[in-house]
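Single chain ahead, by itself, as structure tokens, in the form predicted on its own.
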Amino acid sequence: MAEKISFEPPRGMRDFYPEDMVWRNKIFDAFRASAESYGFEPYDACVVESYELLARKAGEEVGEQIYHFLDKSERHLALRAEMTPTLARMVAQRQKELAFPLKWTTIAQCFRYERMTKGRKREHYQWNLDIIGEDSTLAEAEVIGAACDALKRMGLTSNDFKVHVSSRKFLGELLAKSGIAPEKHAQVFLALDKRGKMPDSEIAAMLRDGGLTDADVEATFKIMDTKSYEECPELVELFAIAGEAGFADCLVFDIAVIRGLSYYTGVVFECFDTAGEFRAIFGGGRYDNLLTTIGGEPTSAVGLGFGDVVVSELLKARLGDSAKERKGVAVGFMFPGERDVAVKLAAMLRASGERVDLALKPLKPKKFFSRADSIEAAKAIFVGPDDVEKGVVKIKNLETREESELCI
């Protein structure tokens, strides 16, 4: 007897039913509108990448988290876990032809095999914004500003979220002043990035394993209490630009923001809901050395990754059913004799730009209006024999229940 096939998607993967697409479209529409508003150009790339390209990215347990396989020609391939390595490959491929700075954006489907927790799936969509070839702090401001704009387009305010910003360069300078050698900074960053995910005692053990003395460990934890960014010119400038651009109320300084990926070199940032209920909404920073790791020429860059899973949960928690909105017209008919009138009416409304759901068979009035409500139609037109005879149909507003007439 054949084994029964499960109707569930593979663990960590998602199906999107129409009611789920309401939320996904709300998020994606905000992503695209903000990217367009801030002048980012859309691009896309293959989902399957060379495993070697993805494995060059340091700071993660690549072999455990990336879906990888050998194809029929024994090539070692992988499903992309994020878009940045692919972007680096694309830019390096045409580095001598492209006009910098680049402002590129995409919504990429990504896969990562990891432990399932709240806000973390094994498949997700990630909005990427990257500015390549610009040293100015305006690049960071444009990327963060666009992300804040997207959240506001989704219906959130700065009371719902804050972008925590820091600088790995600034943190490195503070560590150096405390006598911690630069060659140990990578290990320190890696350990501190896990703060909040494990006890400080385990963080301290990681630091000692990285060659730090007890005095170094104590100094490191003291640095993590830093509250001022006034000695960091790039952060001073970033907050000043944010003030001029109108999103300074969305930013807070947080020395604890590290970002685990080793390719980050300067300003780094992560966005969280103010209630502290969810994982990071988005994160990113400056990564000036990534292209050189894959053989490209040195190029400055700033980027962010903004996943759809956490923000979807946040929107549902904050907005409830308000994401749903009635739109379009439902058109139905009572008997077969009114079918052609209903078809012509639907065609006329569609030509005028309306979204029309046309009933596919005769329906009784109660059933038709019940369906119109279920599909969230804003208006409904039900064609009966008397309407055809009079040459006039009634348009019912399904929110106010008011009616108007339309000649046919």
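Remember, it's a predicted structure, so these values are computed and weren't measured experimentally. Numbering starts at 1 and follows the sequence shown.
Below, we refer to the form predicted together with histidyl-adenosine monophosphate (HAM), which is not included among the displayed structures.
Taking non-hydrogen atoms only, Thr84 approaches histidyl-adenosine monophosphate (HAM) to within 4.5 angstroms in the model of the complex. Residue contact with histidyl-adenosine monophosphate (HAM) in the model of the complex: Pro233 places no heavy atom within 4.5 Å of it. Put simply, Leu174 is far from histidyl-adenosine monophosphate (HAM) in the model of the complex: not one heavy atom of it is within 4.5 Å.
Interface membership of Arg120, defined by any non-hydrogen atom within 4.5 Å of histidyl-adenosine monophosphate (HAM) in the model of the complex, is confirmed.
The stretch in contact with histidyl-adenosine monophosphate (HAM) in the model of the complex, judged by heavy atoms within 4.5 Å, is 301-309, chosen from 301-309, 179-187, 163-171, 243-251. Against histidyl-adenosine monophosphate (HAM) in the model of the complex, the set Arg326, Ala359 and Arg371 makes no contact: no member has a heavy atom within 4.5 Å. Residue Arg112 is the sole member of 96-113 found to place a heavy atom within 4.5 Å of histidyl-adenosine monophosphate (HAM) in the model of the complex.
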